[in-house]
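Taking the form predicted alone, here's one chain by itself in structure tokens.
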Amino acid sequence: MLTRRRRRRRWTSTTTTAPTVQYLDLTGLSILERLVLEEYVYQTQTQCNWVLIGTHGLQSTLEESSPWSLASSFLHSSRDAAIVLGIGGKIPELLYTKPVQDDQIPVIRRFSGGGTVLMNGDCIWTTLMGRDFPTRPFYPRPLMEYTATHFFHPLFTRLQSYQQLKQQQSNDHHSSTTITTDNLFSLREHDYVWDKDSKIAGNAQSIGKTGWLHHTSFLWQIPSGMSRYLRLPAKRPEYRASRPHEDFVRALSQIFPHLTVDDFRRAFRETSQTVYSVESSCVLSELQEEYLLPVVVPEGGLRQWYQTKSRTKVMTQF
């Protein structure tokens, strides 16, 4: 088990040495396990910076005996989806509670801020955690600008290059679908948007004494039921007006029709390796081998930590 702590060099915008990060692909965890593990790493593994990615449904691929499993807390629903709220979200103002209850859609309150999202296995979750970069003190808007400029804009440039290559390989020059070769990703108000008008991701942040966390969820496909379950938020960006969710949010598969979720994961990993100095890169199966990761298993496993210390909670009454 790696528990040795190292002194970290403070990173600034003029620092030439890239921040050192640990990279985890957590695909295969359940939605609840991902949220709780993310919170655990953020709150307790403060010796490292982290980059996380994964796709998650209601069920987990972990063995029940795994210290990272929340098997006894598994969620069940007629659909492989859950609604995730920010820590301050008020359910009556955000959800149509009757259809949520009728369809048995689990509702989870995460430990970070942000809005309300309908999550399923077609949603790609990414998380950046910084302890000593970009610049202290940490504030929400500068962190949004940092993540948009330094990480996600390069990521979408890479995705565009993948798209062009696959289009060339398929000889699909006569397709009726018009695919732009420009990177139209940008930050507008508090949203990541494509072509200035379509939201492509939901963001949530947590900022504390030990650093910051920036969580982003990208929809590869638009899940059915968004307008059935989610109310229009009272506070919404001016450019959205009163557009319903399905008209406001754009799926990545519409922007990159030649790509797959695996292409996104590869582009995300390669962007991480370009932007940061990746000290370790591990996938979910390697969580079982503790010596491979600078992650200390909580006493009693993640299940006990969830039951006693986590602010991430499944909402049973609303």
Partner chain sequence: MASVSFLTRTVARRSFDSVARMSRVTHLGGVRFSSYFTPAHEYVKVDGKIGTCGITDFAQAALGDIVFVDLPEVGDEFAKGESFGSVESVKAASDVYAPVSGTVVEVNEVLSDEPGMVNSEAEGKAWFVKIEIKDEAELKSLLSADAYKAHCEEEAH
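Remember, predicted model here, so these are calculated numbers, not experimental data. Numbering follows the first chain given and starts at 1.
The form predicted in complex with the partner chain exists for this protein as well; it is not shown, and the discussion that follows is about that form.
field: The single option of Leu155, Leu94, Ile105, Ala204 touching the partner chain in the predicted complex, heavy atom within 4.5 Å
entry: That would be Ala204.
query: Of Pro233, Pro142, Pro99, Pro244, which one comes within 4.5 Å of the partner chain in the predicted complex, counting heavy atoms only?
result: Looking at Pro233, Pro142, Pro99, Pro244 one by one, just Pro142 meets the 4.5 Å heavy-atom criterion.
- prompt: Of the listed stretches (155 to 163, 86 to 94, 124 to 132, 220 to 228), which one has a non-hydrogen atom within 4.5 Å of the partner chain in the predicted complex?
  reply: Among the listed stretches, the partner-contacting one is 86 to 94.
query: Is Thr216 one of the residues lying within 4.5 Å of the partner chain in the predicted complex, judged by heavy atom distances?
result: So Thr216 does not count as contacting the partner chain.
task: Answer yes if any heavy atom of Tyr146 is within 4.5 Å of a heavy atom of the partner chain in the predicted complex; otherwise answer no.
output: Result yes; Tyr146 sits at the interface with the partner chain in the predicted complex.
query: Even though the partner chain is not shown here, does Phe151 get within 4.5 Å of it in the predicted complex, heavy atoms only?
result: Contact check for Phe151: no, nothing within 4.5 Å of the partner chain in the predicted complex.
The partner chain contact in the predicted complex: Phe185, any heavy atom under 4.5 Å: Looking in the predicted complex, residue contacts with the partner chain do not include Phe185, since no heavy atom lies within 4.5 Å.
- prompt: If you check in the predicted complex, do Lys196, Arg240 and Pro257 all have a non-hydrogen atom within 4.5 Å of the partner chain?
  reply: Per the other structure, none of Lys196, Arg240 and Pro257 touch the partner chain.
query: If you look in the predicted complex, which residues in 96 to 129 sit within 4.5 Å of the partner chain (heavy atoms)?
result: Heavy-atom contacts to the partner chain in the predicted complex: Phe111, Ser112, Gly113, Gly114.
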